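Only one chain is shown below, in structure tokens, and it's the form predicted on its own.
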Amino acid sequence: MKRFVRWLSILALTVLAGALLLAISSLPPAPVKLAGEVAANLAVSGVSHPVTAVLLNFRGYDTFLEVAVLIIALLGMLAAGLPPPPPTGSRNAMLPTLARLAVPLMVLAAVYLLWAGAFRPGGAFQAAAVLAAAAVLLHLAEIQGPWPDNARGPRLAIAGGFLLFLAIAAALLVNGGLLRYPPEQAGLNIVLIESGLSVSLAVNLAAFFLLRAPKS
């Protein structure tokens, strides 16, 4: 019976995949060349890199929801509870030295990625990923502890970036639309949002690992 259900599931998924491919292949060509539209409006976006302009200006609402999804995922982990952590291996004596040498460079790289996002590939998500990796490395080196039981500070950091994004979005409603930046203030607003998101997302991403880390 289990074998029949398994093959039936595979067949259903295959049919679904085929239907999706057929639907995608039959879509008409886009009536608007989005690359041209982005290039034509890049001067009023507040940044000079098209990807950042799309993520935090032209389609800032999508990015706002992506941040919300990460926070909801973390809340789901906290609400559902966690299984017992896996046993840890023996400590590598080289790891603390590596962490102390690498983490300052990782923080510097994260700051650069945040700053560079305005005019080349980079931005808040990339910077946050590097900072989260630094936090994980510090924990593996036993320099930083796991997620604390009274995690008010980390929780405020996670909520702070999202609430800053929300506050700016709400303040901009007076312009007639959500996240519709005035051209003269677009650059400043994007820098504020990305700075807050870098910290918020870094703590959020690190929490996915640190919540599973064994407590000493």
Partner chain sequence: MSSGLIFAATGCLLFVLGLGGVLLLKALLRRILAFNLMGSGAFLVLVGLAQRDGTPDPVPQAMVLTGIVVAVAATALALTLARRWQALTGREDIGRVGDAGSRRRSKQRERRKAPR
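No experiment lies behind these values; they were computed from the predicted model shown. Residue numbers count along the first chain shown, from 1.
Same protein, other form: the form predicted together with the partner chain, not shown, and the subject of what follows.
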Within a 4.5 Å heavy atom cut-off, is Leu34 in contact with the partner chain in the predicted complex?
-> yes
Heavy atom of Pro148 within 4.5 Å of the partner chain in the predicted complex | no
Looking at the partner-bound form in the predicted complex, is Leu188 within 4.5 Å of the partner chain by any heavy atom?
-> no
Answer yes if any heavy atom of Leu70 is within 4.5 Å of a heavy atom of the partner chain in the predicted complex; otherwise answer no.
-> yes
So which bits of 66 to 80 sit within 4.5 Å of the partner chain in the predicted complex, heavy atoms only?
-> Glu66, Val69, Leu70, Ala73, Gly76, Met77, Ala80
